[in-house]
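Heads up, the chain below is alone and in the form predicted on its own; it's given as structure tokens.
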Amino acid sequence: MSLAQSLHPLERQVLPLLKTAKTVPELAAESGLPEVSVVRALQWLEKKKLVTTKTSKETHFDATERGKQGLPEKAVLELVIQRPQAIKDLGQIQGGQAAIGVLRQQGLITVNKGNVEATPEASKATFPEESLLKKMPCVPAKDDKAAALSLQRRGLIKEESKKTVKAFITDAGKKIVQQGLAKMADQLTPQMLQDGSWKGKNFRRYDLTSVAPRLHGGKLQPYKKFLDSVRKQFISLGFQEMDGPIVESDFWDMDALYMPQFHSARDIHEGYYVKNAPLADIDSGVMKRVKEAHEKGVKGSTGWQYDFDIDHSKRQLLRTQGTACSARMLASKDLKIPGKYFAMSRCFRYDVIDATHLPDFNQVEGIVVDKNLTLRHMIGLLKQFAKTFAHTEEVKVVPGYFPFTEPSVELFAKHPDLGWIELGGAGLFRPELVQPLAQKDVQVLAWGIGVDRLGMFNLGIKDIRNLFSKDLAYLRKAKV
């Protein structure tokens, strides 16, 4: 009796009804329960081996939206029996033109000078397709197969697959039903405790072996939480956050960074330019100083020696690098010297999607502004970043190239599964960049780190696409 005493109220309602095999709709009708409750009860009973179920698929037909309007031949014939009709008027009925051809072939109408008239046989006409159409939804009988094929070909009915679940009671289930299902209390309420009515009641036993549904509590998206932690760590290291627009001008994204307008260095960015966007509004003083740096250089530099195109500089594109935020900061009246700044920027570049590349990505970048800064300061800062954010001791700094820094370096860290991964690039901003923007004789350490790859390190992810996954099953299992 222990198994019988553990049955849920839904199970106790459904089980006695299974003297013969029955479908879910039949059980729902007899028990008065919704079909979803019957299905749930059958699942529980099947796990307890009191019931077995068999699922079968059956093909049946149902009327389409056109079919629900009726048979076109019937509609046309009813009109012409009342009085002759013009072909152009009958053509307004959906399927009317085809119906005229069918009725004419069957000798039920005649066509004379654009008018359609009914023949004497028209009033006695019958349509097998019409009677079948009225039966929908159904499984056509053997004699109706030809009519069904005709209706389906004309788009008046559609074929659908219907799943039927039939339940069968097992010997163990029959035994429990024969012994009788005593009435049981399913809850111990406060009222029972107060008035003592719990005494003598037959309470349902708890089944500790049954599978309870998992509860998934709310939590932050794993990568979003990681980005928040990175932001907090930078702030705790004394960095001040800066920002800039996603739709950026060519000026701040490349020109202000001393990247020549004609140079192949811009090819590595492959930006997404905004069609029909108005030209950006750039401060004329900053534009003039950057233009002179490109054309003539600063303090001994010869510049790029070409005619700088101001309109070209004002074109707008999706930001290709977070360094645009650094350029804006250096030109800002809020710049502090010495100062440490960082930005978490969403960037966009054309790229082939794979396990480590996406066309849109997050970038953490920043600058340290002060006098007498050197490459040794830069290398020490990068190694500290790798240890703090990638949690790895295996790092290396190698020479690199970036058009706006000299010298330039790249930072690599070793992933346990993917091997050496590039985390970012860095260097000292060139004077041709710093002087027009900051208008001060200072050095600027600049760095940009692919924070998406840092996220892969910390979250144990091998495919960068999983950082932005919408798969609930994956997100529920992902560590935070």
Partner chain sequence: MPTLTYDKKDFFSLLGKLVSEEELVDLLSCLKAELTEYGENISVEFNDTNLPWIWSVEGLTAMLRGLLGVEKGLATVDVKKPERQAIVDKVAGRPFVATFVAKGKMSDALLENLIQLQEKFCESFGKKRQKVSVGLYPAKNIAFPVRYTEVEGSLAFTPLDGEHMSIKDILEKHPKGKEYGKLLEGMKKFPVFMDANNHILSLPPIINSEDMGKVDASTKELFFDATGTDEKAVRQTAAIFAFALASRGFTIEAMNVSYPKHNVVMPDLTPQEVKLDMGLVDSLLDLDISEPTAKGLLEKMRYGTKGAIQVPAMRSDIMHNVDLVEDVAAAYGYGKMEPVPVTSHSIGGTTPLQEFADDVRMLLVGTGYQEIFSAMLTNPKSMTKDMRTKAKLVELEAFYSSSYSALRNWLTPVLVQFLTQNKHVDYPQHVFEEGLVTNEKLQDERKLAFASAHNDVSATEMKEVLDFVFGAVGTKYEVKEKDLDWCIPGRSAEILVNKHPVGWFGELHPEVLANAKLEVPVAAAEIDLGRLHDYLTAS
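Residue numbers count along the first chain shown, from 1. Owing to the predicted nature of the structure, the values given are computational and were not obtained by experimental measurement.
The following text describes the form predicted together with the partner chain, which does not appear among the structures shown.
Proximity to the partner chain in the model of the complex, defined as a heavy atom within 4.5 Å, singles out one entry of 89, 130, 121, 228, which is 228. Proximity to the partner chain in the model of the complex, defined as a heavy atom within 4.5 Å, holds among 111, 220, 192, 149 only for 220. For the chain shown alone, residue 203 is not a contact residue for the partner chain in the model of the complex, no non-hydrogen atom being within 4.5 angstroms. Although the partner is absent from this view, residue 320 stays clear of the partner chain in the model of the complex, with no non-hydrogen atom inside 4.5 angstroms. The partner chain is not drawn, but in the model of the complex it has no heavy atom within 4.5 Å of residue 40.
In the model of the complex, the partner chain stays beyond 4.5 Å of every heavy atom belonging to residue 415. Residues 24, 57 and 196 are none of them found to lie within 4.5 Å of the partner chain in the model of the complex, as judged by heavy atom distances. Note on the interface: of 166 to 174, 77 to 85, 281 to 289, 345 to 353, the segment with non-hydrogen atoms within 4.5 angstroms of the partner chain in the model of the complex is 345 to 353. Residues of 379 to 406 placing a heavy atom within 4.5 Å of the partner chain in the model of the complex, in sequence order: 379, 380, 381, 383, 397, 398, 399, 400, 401, 406.
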